[in-house]
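What follows is a single chain, given as structure tokens, in the form predicted alone.
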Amino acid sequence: MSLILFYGVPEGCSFGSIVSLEWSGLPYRLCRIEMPETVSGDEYRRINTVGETPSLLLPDGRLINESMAILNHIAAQSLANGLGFAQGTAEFDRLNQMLAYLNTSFFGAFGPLWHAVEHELGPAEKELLVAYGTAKVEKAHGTLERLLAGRKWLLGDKPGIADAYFTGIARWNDFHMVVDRRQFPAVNDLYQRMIQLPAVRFAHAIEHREKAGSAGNFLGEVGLEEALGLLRQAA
């Protein structure tokens, strides 16, 4: 059994995991999880008890949840091509540190904005929440601008897992339209470069059910019922 990534749509934070799997060369399949319908259902909770995406089903039947854990697993299986680094090295620590920032501060900055979209609020309450979220997103972009000083990519001399995860989150600003990314030239340049890459285009096409050409080892999509059957067989 190949890897199966359960990815959420629309605008799921599993986007970076799809891009990273494309780069890794690992054989994998995808299982589409609609949000909020399927992700909160009893069937999917057998995969992820928290009711969130992404989740990664390993060939031995183990499950990994949470983006940071999944990205670190993909990186650990991709040491030969430089996508990941051996634990205990300076490169590993820098990658882990960057993923942690993206997973907490950058991801979390959009939380108030998503709450304002997904919940029924009074006009004054919504305005306050959007203002708070906008300030957090601006601050997070400013921090990334400083972290990118003098660099083309978040880490190293080529796009990597941190850049993939960044892109999946950064595109949320295109939905909420609260920050003019051009105010942050380094961040904007990184984003514009990333969205032109084949693996990023592939992940976007997959999410939008458009024709998608994989440059990795993508083996096709699988339904949730079939994935649950494979999980039972592996148990």
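This one's a predicted model, so the numbers in the text were calculated from it and none came from an experiment. Residue numbers here begin at 1 and follow the sequence given.
If you look for the form predicted together with a small molecule, you will not find it shown, but the lines that follow are about it.
Using a 4.5 angstroms threshold between heavy atoms, residue 66 counts as touching the small molecule in the predicted bound form.
The small molecule is not drawn, but in the predicted bound form it has a heavy atom within 4.5 Å of residue 107. Residue 195 falls outside the set of residues with a heavy atom inside 4.5 Å of the small molecule in the predicted bound form. Contact annotation for residue 78: none of its heavy atoms lies within 4.5 Å of the small molecule in the predicted bound form.
Residue heavy atoms within 4.5 Å of the small molecule in the predicted bound form occur in exactly one stretch of 174 to 182, 206 to 214, 187 to 195, 33 to 41, and that stretch is 33 to 41. Every residue of the trio 12, 51 and 103 has some heavy atom no more than 4.5 Å from the small molecule in the predicted bound form.
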